[in-house]
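Below sits a lone chain in structure tokens, taken as the form predicted on its own.
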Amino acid sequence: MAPALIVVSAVTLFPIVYSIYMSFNHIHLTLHGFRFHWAGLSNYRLLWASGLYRYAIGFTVVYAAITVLAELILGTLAALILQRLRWGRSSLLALLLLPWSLITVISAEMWSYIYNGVYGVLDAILLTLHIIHTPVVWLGFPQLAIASTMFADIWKTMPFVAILVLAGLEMIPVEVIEASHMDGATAWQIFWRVQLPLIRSTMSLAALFRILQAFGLFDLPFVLTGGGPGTATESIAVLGYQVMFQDLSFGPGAAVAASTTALVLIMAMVFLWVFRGMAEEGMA
């Protein structure tokens, strides 16, 4: 296993450790490379004093909570529909996977055309149906831009949750469902009291994956809104990119990356602890 461990360390552990080291230094770019000066916690104090950093953290947390919750609900509904289909199931499953298979940059470009206030498809449809009377600049106002970005993200990643939940539903023994029918349970009672408890671990795993992905949100808002209007859709990953690669503030940029990594690790450990407790409770 040594060669594999060496490769993993080279491409994963070393960049993380090096970024943490950078976050404790003032870094100056010279003709001969980087010059490091130990700064202690000054970069982290600078970040915490920044309202932009606090907003990016808050936005990322709220964004992750709303999108993951919506994806769990819609993904579960889609999985229940697919499970009950007898004809055309394979075709609908392939169609459902189409958004997930698209590269996020391509998906973001597509949604930017849909949301465009001059020639966008969304405005054209809403004007035709007389839902709106004038074109709406969906990405030009903070609240609309946030909602539009969330909708595009949910559209793309909901199929991932649906596939996982569908796999969990398929693993439920048929005899359990048949026994519930014989006991006179309705479709809602079967789902709420039989299926949902049995797929709870699957849904928790899907939520964990999506929360970790949501905290790394970068390509969708970067392409779709550029973090705007203003800083309305600026996630912590977008902020880190701007600080490090646009402002060339390598120390604070590394501090953003290191603090985000620590936050994600803490959330992942808490979630895994809760998930383990749920699994043990289900087995009991």
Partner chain sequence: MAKGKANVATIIVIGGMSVLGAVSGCGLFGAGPSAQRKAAVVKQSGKHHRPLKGGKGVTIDWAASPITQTGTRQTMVRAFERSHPNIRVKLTTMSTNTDTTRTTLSTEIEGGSATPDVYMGDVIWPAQFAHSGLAVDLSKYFAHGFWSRFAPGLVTGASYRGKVYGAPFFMDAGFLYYRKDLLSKAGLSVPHTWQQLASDAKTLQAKHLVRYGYVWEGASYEGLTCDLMEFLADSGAKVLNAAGTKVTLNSPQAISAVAFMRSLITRGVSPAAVSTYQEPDAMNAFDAGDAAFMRNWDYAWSNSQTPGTKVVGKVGVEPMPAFAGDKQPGYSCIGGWDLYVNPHTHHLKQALTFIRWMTSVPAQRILAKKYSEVPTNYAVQREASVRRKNPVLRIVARVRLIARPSSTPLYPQLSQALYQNVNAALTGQISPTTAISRASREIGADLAGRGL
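Positions refer to the first chain, counted from 1. C-alpha atoms forming the largest set that superposes within 1.5 Å between two forms make up the rigid core. Everything numeric in this text was worked out from a predicted model, so none of it was measured.
The same protein also has a form predicted in complex with the partner chain, omitted here; what follows describes it.
With the partner omitted here, the stretch from 89 to 97, 189 to 197, 141 to 149, 169 to 177 that lies within 4.5 Å of the partner chain by heavy atoms in the model of the complex is 141 to 149.
Among residues of the shown chain, residue 154 is not one whose heavy atoms approach the partner chain to within 4.5 Å in the model of the complex. When contacts are judged by a 4.5 Å heavy atom cut-off, residue 212 counts as touching the partner chain in the model of the complex. Taking the partner from elsewhere, residue 118 is found to have a heavy atom lying within 4.5 Å of the partner chain in the model of the complex. The partner chain is not shown here, and in the model of the complex it never comes within 4.5 Å of any heavy atom of residue 66. Residues 30, 31, 33, 34, 46, 47, 50, 52, 53 of 30 to 62 are found to place at least one heavy atom within 4.5 Å of the partner chain in the model of the complex. Core-superposed comparison between this form and the one not shown: the CA of residue 10 stays below a 2 Å shift.
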